[in-house]
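Next up: the same protein chain in two forms, each one alone, written as structure tokens (structure 1, then structure 2).
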Structure 1
């Protein structure tokens, strides 16, 4: 990863676009962002019919729907409250596969996962994906569970206090046990107390590190599920201990590429299905969308491959907020999401951007796509299917913007001047492919 640095990234026309924004910003004193958006729409509707040239439409719509840092913060706060976010409490000993589960569900590297965890309480850490501003998944990891130096009761009290905090998010307990670990008294103690106090929170038991119990001659994973006697015998003992505490049990072995086992995330589909069965419909659907293997197909570029996981998460969020019946109401919201996405992608490529700089990049590389955005918003007038079309369009457009941003930052990383024509070409092709991929997505 290159050294992070401040970045003066926006192309030449971004300053003009910003000035256009200031001229048309609503003067409503109402602090509700939704009412401000309504004001923008009323003003924009009268002007739109006077604009015929495509270039003028594009430039004007960019000005209309750019948002200030204050607006971005307000919008993200509102969107955050509506996201189908899942809080997963990962409870298990060190080296029991907890961080590997995070890698499996998010697709980010072990290094990024390690850097992403932040202290939450004395004995827990927390990682939000794809970002703390807009999380679809929040992982809370117990630190030092089973260590003789740690007070198990203190860990339990911290977890209980965390669960006592009111939350509209879906919650799930994920217990992790290595297939060959039978010293599970501490984990049982924690699970028993949490389940007694919060029986409504579902619990998934993940039995991990399966390869450690394979027969000596085994060099790779068998077809799933594994049917070795050693695995079945160990699983029977674990099941007997946890059967009354957990709603589902799943076998997984999430390794590293250098370990030599394929697939790296052995049992991921079974884990995904078991987890989804324990979650509300919206959260379960988000889990499936985040693990869309076709969308995440590797293209051979390390940074762009990593960036695609963020792009998919934000595309899912864009579709979620796009099905709003008020025309143009989602434009500032989508802009705020895309500003956040570009900021994350910039960080991945070693560029640190503030929201204004990220917004400048969005405006600069989006080009004629904003004119198409006008058509996307107006189609919401079509009864019945308009919002679904808009949702798929928003997801595809967000994906295409992410691909364009990766090219932009990749050029900067390589010491090249970003080529607007190349970026536009990449975005057009990415948008075409993404439209097909996301055409069935529903908010």
Structure 2
């Protein structure tokens, strides 16, 4: 109290001295308090004005506070390196063109292709692409579905067993259907079951033997893609049945050289592109599944570290605001600060939140802390001492809120439902640590 007055207050004049000292003292105490408050307020306001272009400040800091994609890519690469080669599993009715696709992509001899009238592939065969010493992709050619000798359930069980056997692999399902084949119930059934059991495996629908639907006079393939009505009509029927099941559809016509069509592998580029678009997704999903705790933790730490830069800046800002000895006056500003922090952390984790959504996250994760926040404001009524407490408390609370938000967004990023217990315990722990750190933070 005393030193304050010494430095700030202008000296009192003699006439006033005659008035009862108490009154003077109280007036001067009031005046000094007011001056002090205005002084502190101006300082805070001054600081705040500096802080006001929050958005601007935030923008520049964002550049500093983002997670380096290269670091994330490096971690993912270590996981990817452990990933076995991706598998493209071909299924379809006999003579639908499964082996022709393998031949078209890998260049293996035409022996694997049938004559077009009786089932040819007798057992599952794997072919490496582009070569066995550098297998980027494995094509698994299966036995035609719906072959009289085998019942559908057995075929499904075998396929599922296959899929389970190589669960660590990234996989793409390739359904092959001839353009003019409408008896596809078995295939549909099998595909439905597989997709239900393995929703994470992307699925490509390859519609084959296009020229069987060309207008009779057509002697060779038109420019790709073919625009004939007959094709579109047939396709509409197939699409209706299969589109819900497949992520992409591609039209192809892979013939044998002696069939005299040019090009022999009509639609090969489109097929490659469609596959190429599905592979990263397949690999991303497989990588994600393979992401062991270690890699997940490493990536989580990267994001957490970037998040902590924000948290430090905002905790200091919160302390500065909270130090203003006006109980409750700073609450709205503090809340706005914390909502901005959570909004920015959301952005860091790839979530786009508007302020009210960020506010929703704050109240969702703040839990019991909020009530305490109010309690803390009350302490401000304790002259001097109060705002120091309030300042370090606000800093620690803002920090803990940041840690909680990182867990929340980390869960979402990992495709998990945010776990309130986990968030609360992380916040409690972080609050304790932060309180130590921010203890005696001077306003």
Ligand SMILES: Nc1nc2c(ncn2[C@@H]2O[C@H](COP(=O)(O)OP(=O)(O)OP(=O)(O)O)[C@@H](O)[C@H]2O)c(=O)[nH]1
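From a predicted model like this one, the values you see are computed outputs, not experimental measurements. Positions refer to the first chain, counted from 1. Take the two forms, superpose them, and find the largest set of C-alpha atoms that agree within 1.5 Å; that set is the rigid core.
- Shown first, as structure 1, is the form predicted on its own.
- Once both forms are fitted on their core, the CA shift for residue 251 between structure 1 and structure 2 remains under 2 Å.
- If you fit the rigid core between structure 1 and structure 2, you'll see the Cα of residue 347 move by 2 angstroms or more.
- Superposed on the core, the two forms barely differ at residue 226: its CA moves less than 2 Å between structure 1 and structure 2.
- Core fit done between structure 1 and structure 2; CA of residue 140 shifted by 2.4 Å.
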